[in-house]
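Listed next as structure tokens is one chain, alone, in the form predicted on its own.
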């Protein structure tokens, strides 16, 4: 059995893991909204048409902030189509996903839904086909108290108080040729700068997220990020990152996804700091990793222009959950700069929650690492030393054991470890600087079938098991991590 040592010291901190790192994303795409969170006539729907079963699972995930309404969708979206009396809202072609958008769910419904469930909205403005004036108008509609045409329109639509949206994305993936209204880095930066100016004149308290690279394989990466930041460094609070991790290649590359994410973040940090140095700025640019997940990019061939079709509905396996757990560790271990993130997406579309139209809602395998990291991964992330051996991948050598250690706000400690080895690992975890601790919980997600999934017939086929935690003595605990397993250890 391989023997590994993990060391962490409470005096060696990476930074604070912000609550917003455990955010998520809802786009008007497939069944994410319609029959996902919103389904009038569902047995569990409330008077607003919001599904209570889905809402309960989202609450279980402890998601603090959700990005909306896109995604590629936003680059062709006129927000005015989704407000006001529903019988007057237009049906539109959604060119991004070749579907029909009914606009029965829009800004007002999203804000009401967020308010009911204690979620902070993160809005994206259309900087593709949209104008800077429309970006300002949406800001005014959402955030201005009263006394103007747009704020009074919101009041007439049922929202007396302003929504007070703090976080705003300046477009979506504008580096992508697939994006409606795609722009060069310089043209995007100029447009985003003017939108930011108008939006901040409307509400100076908002925080803005500029479009960074939409994936690490873009030919413009990372020069896009540098160019955008040279225009927007003083006006944006965050630069965004998007990346999906695919299970269509070798297992080694798939398991090394956490390293690939880390390399991407480090490069964007460097781009930020290059611009900071050139500008002689004291400001430290934050990162919003506001699209990330495992994604197989399987597309079922459907008729064009359907309403809420079943597209991009990946069914996640135990293997996917292990990869997912490593990605969470990387986000935690980069909390010094990654101050916000959004799991893409939340329901049905590449999501931890899966629903049947008119029926049940279930937890996918990736639900569990996200939930437990969201509950117990907040606090101070600690620098670790990990003596794990490595395996080879296309992204370089990656360690068999991915880890993160967090000192929680109540003084407890959470250790998250993924073992990508086909053999069990014996780990010595040294936390001597914390003094007397007791291991109170050890949850393990593992199994003999890496392809096992959860289904409506068997919704609990893959879920964590509780095992007896190892003793913590003289600042050390000796833990056995099963082969191919995700683990969480809690110490009080």
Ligand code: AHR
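Residue numbers count along the first chain shown, from 1. In this text, all values refer to a predicted model and were calculated from it rather than measured experimentally.
The discussion below concerns the form predicted together with alpha-L-arabinofuranose (AHR), not included here.
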Site check 262, 398 and 421: each within 4.5 Å of alpha-L-arabinofuranose (AHR) in the predicted complex by heavy atom: no
Residue 231, heavy atom within 4.5 angstroms of alpha-L-arabinofuranose (AHR) in the predicted complex: no
4.5 Å heavy atom contact, residue 225 to alpha-L-arabinofuranose (AHR) in the predicted complex: no
Contact flag, residue 25 vs alpha-L-arabinofuranose (AHR) in the predicted complex, heavy atom cut 4.5 Å: yes
Residue contact check: residue 175 to alpha-L-arabinofuranose (AHR) in the predicted complex, 4.5 Å heavy atom: no
Interface segment, criterion being heavy atoms within 4.5 Å of alpha-L-arabinofuranose (AHR) in the predicted complex, picked from 205 to 213, 140 to 148, 401 to 409, 69 to 77: 69 to 77
Answer option from 368, 316, 376, 295, heavy atom within 4.5 Å of alpha-L-arabinofuranose (AHR) in the predicted complex: 295
Residue (of 167, 110, 238, 97) lying close to alpha-L-arabinofuranose (AHR) in the predicted complex, criterion heavy atoms within 4.5 Å: 97
Residues in 277 to 292 with any heavy atom within 4.5 Å of alpha-L-arabinofuranose (AHR) in the predicted complex: 291
